[in-house]
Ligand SMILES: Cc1cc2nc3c(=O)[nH]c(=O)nc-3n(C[C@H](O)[C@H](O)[C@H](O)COP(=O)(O)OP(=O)(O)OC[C@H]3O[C@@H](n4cnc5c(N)ncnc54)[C@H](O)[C@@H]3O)c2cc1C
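Just the one chain here, laid out as structure tokens, in the form predicted on its own.
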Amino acid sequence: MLGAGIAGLSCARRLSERGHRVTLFDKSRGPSGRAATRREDGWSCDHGAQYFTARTPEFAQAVAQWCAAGVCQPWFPSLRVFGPAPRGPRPAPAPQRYVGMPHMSALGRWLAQGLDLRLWHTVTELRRGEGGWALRSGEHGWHGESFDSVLLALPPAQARALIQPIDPELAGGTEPDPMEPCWCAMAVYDADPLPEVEGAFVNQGPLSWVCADHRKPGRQGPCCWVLHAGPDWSRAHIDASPAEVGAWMLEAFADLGARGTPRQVTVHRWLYARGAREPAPGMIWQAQAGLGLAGDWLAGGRIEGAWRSGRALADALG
């Protein structure tokens, strides 16, 4: 299994529970993918997924188990909207929101328990032979193990690069790329710059979301605000320097009423931030080849989509 985000973890965990031997590879230093937390000297901040919801009974049951285990809890923020309301029908009220405890990355760490997880493994090539699938990573070269199946829980562009040489037809199923980019700025303040706001959707300028991360349940440490730019703006400025992006985003934050100057700003670029919101097949499984794909981009986006996609791929294997 390649990719230790929520899709890969849910797939690997379900397969493991059914008696399959699963090895999970990820290029990062920890599991959880975009349900991520940035930790720096003296502060931390959820800089990927900000919260999640449960829209189906199956996922709601899983979330209830996570809450009972203490790795998430309901979040009741008072949210504002800056800028004009989007056109079209008025959206239905959002389901209950949840956040990871004490950070969003706790979800991945909990799902990874008991799994054979190999971190710092950037898989760069796949090869299928008589003995099964072999893989090569940039850090360790060709691995001595072989595998009956290879399952990719990766953004479509990354999955396509791996499978194009061995299955061009399947690789074509990952186009066009439905993932959207997102620039994120994390700003640490000595005094809260916007104490009257807990979080807000932004429909003006470069920003799409701002949140007082330090006021989420269970958080500790100094005042830290997370700012997300919208996908169109992020795409238009995808090659800008982090310093430039941070300055532009802080200026837009000030336009919302934020006061003061942060003592530290960290900027992160998510090239593959948000999955497609349109209906999608859920997962892709080619039994004859032993090759499968999962991810939120195949299941309508969101953490729930990632979890459901991984489970669906595991169920397809049996």
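Only a predicted model underlies this, so the values are computations on that prediction, with no experimental measurement involved. Each residue number is its position in the shown sequence, starting from 1.
The same protein also has a form predicted together with the named molecule, omitted here; what follows describes it.
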> Ok, 65, 261, 286, 28: which has a heavy atom sitting within 4.5 Å of the named molecule in the predicted complex?
Replying inline: 28
>> Considering non-hydrogen atoms and a 4.5 Å limit, which listed residue (249, 293, 35, 45) is close to the named molecule in the predicted complex?
In response: 35
>> Taking the named molecule as it sits in the predicted complex, is residue 146 in contact with it (heavy atom to heavy atom, 4.5 Å or less)?
In response: no
>> Is residue 253 part of the interface with the named molecule in the predicted complex - any heavy atom within 4.5 Å?
In response: no
>> in the predicted complex, is there a heavy atom of the named molecule that lies within 4.5 Å of any heavy atom of residue 153, even though the partner is absent here?
In response: yes
>> I'd like to check something about residue 228: if you look in the predicted complex, is any of its heavy atoms closer than or equal to 4.5 Å to a heavy atom of the named molecule?
In response: yes
> the named molecule isn't shown here, but in the predicted complex, which of 78-86, 156-164, 230-238, 186-194 has heavy atoms within 4.5 Å of it?
Replying inline: 156-164
>> Each of 73, 100 and 108 within 4.5 Å of the named molecule in the predicted complex, by any heavy atom, yes or no?
In response: no
> Looking at the named molecule in the predicted complex, which residues in 281-307 have at least one heavy atom within 4.5 Å of it?
Replying inline: 295, 296, 301, 302, 303, 306
